[in-house]
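Take a look at this one chain, the form predicted alone, written out in structure tokens.
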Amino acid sequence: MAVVGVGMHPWGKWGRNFVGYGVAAARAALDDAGVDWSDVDFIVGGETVRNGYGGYVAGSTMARALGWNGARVATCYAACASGSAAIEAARTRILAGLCDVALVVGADTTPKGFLAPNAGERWDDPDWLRFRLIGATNPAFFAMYARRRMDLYGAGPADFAMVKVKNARHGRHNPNARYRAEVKAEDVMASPVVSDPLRLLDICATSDGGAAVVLASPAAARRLGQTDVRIRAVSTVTPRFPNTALDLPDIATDSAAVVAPPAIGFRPSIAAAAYEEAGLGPEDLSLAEVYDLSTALELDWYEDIGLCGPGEAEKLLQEGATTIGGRIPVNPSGGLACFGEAVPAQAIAQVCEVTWQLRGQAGPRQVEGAQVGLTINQGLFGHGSCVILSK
């Protein structure tokens, strides 16, 4: 399975209809692949959750904007994992021999401030309840994760600030990033408290943006002369009961009084399933793009994808292992710290970045000799999301 084209619309706060960002990203990906839109067999859209217009049918919305061509169509919603769910839908159809070339698109226009549920009374919806009952916005959950890391491993604000400093240093070289200025640790620790212990510069923003990939069967990739990058695995696993770690949007964990916790927790299981499918391990990675909703959460991901043992992430960061030029660069794109969240696009954007890295096209942020890259994030309501790519 080959990634034959990638494209993005720069992240920002543009305030325009999300369809325009998706179309720009799609056209860039098609141009990169050398594929005409009329030759695409299947289009999948990552859903943009909106009331009253076409975000709920993102696949056909993008197909209509590009010009009806008779392609098969699908729309995927998995919150922040929507992009990888869409990639998996396209990959599955190609592997089944039902199409040769597929286009996957995600784009979003976000409101000012943190993400909140749509209007209405929904007493059986955990996402609505956590806002309504206790006011637990996403930053509040991020702060709980951060406090857990502090209590378990002795992490502190200075460690979290180092993550932001690293990602800002990477993102300044990314023309698609929204924030392209370096910051100092003292700037992070002096920024306003949002949800203790996290400050404004510890938490990613919400953004507008778009990303797209073109996938092709091996035969189609050879015809196009685009065989450099392959998808080795896509993992979209769910948690196992009992889930004893805090997990958005739930405001309680499962009890382990009667049933023992699984041998591996939810987030580590996402990467573990991808490694098993790919026949690779963390020791094979050249780089990783992880879901840094907060600086503290990036440290958790180091351990969840097997770069180090529990409680060792701070040491890995301090040694410079996760910066460009280090042993295993993490978020050479700048991550969500520099992009912000454009929910249906962000997992696709991670795949774009790894593809550019594996091709040697990342410019000043290039990871030297990149051979294997991993992307990982997590969608609301237990959607795992991991893609492993290699040359």
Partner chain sequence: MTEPEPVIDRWFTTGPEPALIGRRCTKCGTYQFPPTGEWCPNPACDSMSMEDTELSRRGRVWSYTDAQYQPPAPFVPSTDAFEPFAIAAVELEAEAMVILGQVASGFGVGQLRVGTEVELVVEPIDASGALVWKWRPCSE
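This structure is a prediction, so every number in the text was calculated from the model and none was measured. Positions refer to the first chain, counted from 1.
There is another form of this protein, the form predicted together with its partner chain, and it is not shown here; the text below is about that form.
At 4.5 Å between heavy atoms, only one of the stretches 307-315, 166-174, 133-141, 83-91 reaches its partner chain in the model of the complex; which one is it? Correct option: 133-141.
Contact between Ser195 and its partner chain in the model of the complex at 4.5 Å, heavy atoms? Residue-level check for Ser195: yes, a contact with its partner chain.
If you check in the model of the complex, is Pro282 within 4.5 Å of its partner chain, heavy atoms only? No, Pro282 sits far enough from its partner chain in the model of the complex that none of its heavy atoms falls within 4.5 Å.
Contact flag, Ala321 vs its partner chain in the model of the complex, heavy atom cut 4.5 Å: Answer no; every heavy atom of Ala321 is more than 4.5 Å from its partner chain in the model of the complex.
Ala252 within 4.5 Å of its partner chain in the model of the complex, heavy atoms: Within the cut-off, so yes.
Its partner chain: the contacting residue among Val73, Leu224, Val237, Ala256 in the model of the complex [heavy atom, 4.5 Å]: By the 4.5 Å heavy-atom cutoff, the listed residue in contact is Ala256.
Quick check on this chain: which one of Leu98, Ala190, Leu152, Ala219 has a heavy atom within 4.5 Å of its partner chain in the model of the complex? Of the listed residues, the single hit is Leu152.
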